[in-house]
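The chain below stands alone, shown as structure tokens; this is the form predicted alone.
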Amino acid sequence: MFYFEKRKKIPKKLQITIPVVSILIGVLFGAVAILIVGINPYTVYKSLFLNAFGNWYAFSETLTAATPLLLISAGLILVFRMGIWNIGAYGQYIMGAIFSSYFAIFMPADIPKPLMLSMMVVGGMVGGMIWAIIPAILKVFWEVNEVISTLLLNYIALFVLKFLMYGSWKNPTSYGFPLSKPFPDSAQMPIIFEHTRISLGFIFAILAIIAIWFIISKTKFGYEAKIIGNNTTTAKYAGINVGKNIIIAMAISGALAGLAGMVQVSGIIHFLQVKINANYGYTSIIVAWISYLNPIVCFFSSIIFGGIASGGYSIQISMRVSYGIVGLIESIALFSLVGAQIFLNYTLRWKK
């Protein structure tokens, strides 16, 4: 009969192979879906690849799409390592966009650009942080399941955004569309590469990845986070303040998700609207797990999924293939990755 035996050490080749195979399985299921609607999958995937990596402009759009993924997944890696399931990056991203947009919409447009952007960065991070600290406090003091609380807060954040966009923040000259007034130049994040949409936010994303790597690898807090993730009881016995660390980790995670929202509205959209690609919050969960909670690997995973997102928009326009194919690939990849965890931690054996 077959049985599973616990591995004493996880082989490096499996840590590389399993994420790659998971993505390929997602691509395979995507191909089946494309075939069902009567389109050649090879043509679709070739177009997707070329629109994501085929030239400098295509790659710049991939980096633009990867920027929010980098920021959000960096924060998620920290809390996931602690065993805290922050499913609320979607809402934290939205609240960061709302808080930062306040300054662009209501402050005088002639404020110096560095000051305006600084206020927006702080506002975005505070907005995301508040939305993450709420479920952290509920968990620490009342043992409320963070999966449920963060998930429900996503819907509340979305309804807050809709309330503002259909209400007092709506641009009266938008012809009925739920948009704010356009941001002044002082509230628009500068572009770092000419003829692209890669904004200063990409630099923020790289700094976030480096900072999270440093926290995890080189600090006492990162070591305590690992212990808490392995065994909360052991962490308490060792004298670690588990509650305090959970709140700090969630605050960092929420702040980075909120910063991603600020980068999106200030660097890309230049106004606030209902559709601000908040699904980055869910995609970032996949990116974090595909990377095995490694910040350096996360950088490359974000670019891959940024390319899938960027190329997906292009094939939707050029080939009339539903953007839902991107969600299908991402969800199947995550499902495969989670299922493959058993082969990462256990060896399949045969015994008569």
Partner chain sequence: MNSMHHSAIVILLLSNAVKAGTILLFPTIGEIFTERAGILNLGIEGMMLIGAFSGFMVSYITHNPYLGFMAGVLSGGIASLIHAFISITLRGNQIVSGLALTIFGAGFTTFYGQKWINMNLDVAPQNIQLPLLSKIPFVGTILFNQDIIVYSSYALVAVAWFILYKTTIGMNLRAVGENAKAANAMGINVYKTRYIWTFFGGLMAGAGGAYLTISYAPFWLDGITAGRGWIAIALVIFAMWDPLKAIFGAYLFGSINALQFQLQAQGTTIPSAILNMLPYLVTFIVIVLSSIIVKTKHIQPPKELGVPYSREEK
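Positions refer to the first chain, counted from 1. Here the structure is a predicted model, which is why all the values come from computation and not from measurement.
Just so you know, the form predicted in complex with the partner chain exists too; it's not on screen, but the next bit is about it.
Between the partner chain and the residues Ile203, Leu115, Val160, Val274, the one pair within 4.5 Å by heavy atoms in the predicted bound form involves Val160. Of the candidates Ala309, Leu69, Leu48, Ile286, Ile286 is the one whose heavy atoms come within 4.5 Å of the partner chain in the predicted bound form; the others do not. Looking at 150 to 158, 214 to 222, 69 to 77, 243 to 251, the stretch with residues near the partner chain in the predicted bound form, meaning non-hydrogen atoms within 4.5 angstroms, turns out to be 150 to 158. Although the partner is absent from the chain shown here, Ile134, Leu328 and Ser331 each have a heavy atom within 4.5 Å of the partner chain in the predicted bound form. A residue is said to contact a partner when one of its heavy atoms sits within 4.5 Å of a partner heavy atom; Leu24 fails this definition for the partner chain in the predicted bound form, lying far away.
In the predicted bound form, the partner chain lies farther than 4.5 Å from every heavy atom of Phe177. The closest non-hydrogen atom of Trp85 lies within 4.5 Å of the partner chain in the predicted bound form. At a distance threshold of 4.5 angstroms between non-hydrogen atoms, Pro11 is out of contact with the partner chain in the predicted bound form.
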